[in-house]
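This document starts with one chain, in the form predicted alone, laid out as structure tokens.
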């Protein structure tokens, strides 16, 4: 387990990680937050690339900056450096210097992703480079794998292949943390989510926990109804959108919402609809942002 206690890291006047305390267990954790939320800094702190200003980070009872901890961690940054003249074999040989790399796994992934073995990495597209980075990170035998925005530039079919391979790694006591500002890339992948906001913990839990206490409705009103109108009824509106004649809105759960609204406004359709897991995480992020903005 990764244990983070009162961790802080600043760059000048900017506090990238702000007194963060959280435990990250085995499994796949989605680290979510807007750009600048502190995701990349946190991964660099866990991997020992950055040194804390305050607090502590322990990996299996070892401080993150120690060799005992680092040998069990592989960090894949959003833009890893690979010399331009390197071939895929050079990439394998380079990482094999520092880690135990599963050769069969690496070359198997290269074949699955249909990457051209006879080309230099410098000739690869951004998407091809991403696939190469994922291949080497999944082939490295470590207990902790940290991936920072590793799915940018990938088409949906490739992304599905990568998700399938990451799920194969979700076994025994392996811990995988994937940082992303895009919820959809983590759909059906993460076991749990950690939401960061301005370097602080905004929310955490499994996807099924997200969005609890919220309800979503699809309504056709006979007259124009705004968010302010619903709030005037005592409802806490998280989001409200109108497409054509149909209004969708999400509110904090409350008794007799439908009756409360229908008493004031006439409707042609009024039905409760499901909040999907990825939407629930987005709503949690919106609530955190709204709360911090007050």
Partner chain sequence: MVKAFLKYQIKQWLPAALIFLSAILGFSIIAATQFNVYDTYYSNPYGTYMSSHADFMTLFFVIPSLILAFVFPFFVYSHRFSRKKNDIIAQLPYNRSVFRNYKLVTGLVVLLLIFSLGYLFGASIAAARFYAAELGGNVIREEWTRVPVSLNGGYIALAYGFGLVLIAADYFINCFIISKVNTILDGIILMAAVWFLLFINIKPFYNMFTNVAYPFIDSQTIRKVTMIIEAIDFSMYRSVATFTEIDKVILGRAETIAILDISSENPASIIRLISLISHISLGICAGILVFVKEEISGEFAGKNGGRHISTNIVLAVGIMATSMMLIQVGYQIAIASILLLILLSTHFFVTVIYNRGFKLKLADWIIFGSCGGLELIYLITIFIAALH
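Residue numbers count along the first chain shown, from 1. Everything numeric in this text was worked out from a predicted model, so none of it was measured.
Beyond the structure shown, there is the form predicted together with its partner chain, which is absent from this document and is the topic of what follows.
Participant: Could you work out which of 124, 95, 151, 197 is the residue within 4.5 angstroms of its partner chain in the predicted bound form, going by heavy atoms?
Facilitator: After the contact test, the surviving option is 95.
Participant: Out of 246, 51, 260, 232, which one falls within 4.5 Å of its partner chain in the predicted bound form, going by heavy atoms?
Facilitator: Looking at the other structure, the residue within range turns out to be 51.
Participant: Could you confirm whether residue 11 comes within 4.5 Å of its partner chain in the predicted bound form, counting heavy atoms only?
Facilitator: Within the cut-off, so yes.
Participant: Would you please decide whether residue 161 lies within 4.5 angstroms of its partner chain in the predicted bound form, comparing each non-hydrogen atom pair?
Facilitator: Residue 161: no contact with its partner chain in the predicted bound form.
Participant: Does residue 221 make contact with its partner chain in the predicted bound form, using a 4.5 Å heavy atom cut-off?
Facilitator: No, no contact at 4.5 Å.
Participant: Spell out, yes or no, whether the shortest heavy atom distance between residue 111 and its partner chain in the predicted bound form is within 4.5 Å.
Facilitator: Heavy-atom contact with its partner chain at 4.5 Å: absent for residue 111.
Participant: Please pick out the stretch from 184-192, 162-170, 213-221, 74-82 that is in contact with its partner chain in the predicted bound form, where contact means heavy atoms within 4.5 Å.
Facilitator: That would be 74-82.
Participant: So which residues in 256-289, when you check its partner chain in the predicted bound form, have a heavy atom no farther than 4.5 Å from it?
Facilitator: Nothing in the stretch sits within 4.5 Å of the partner.
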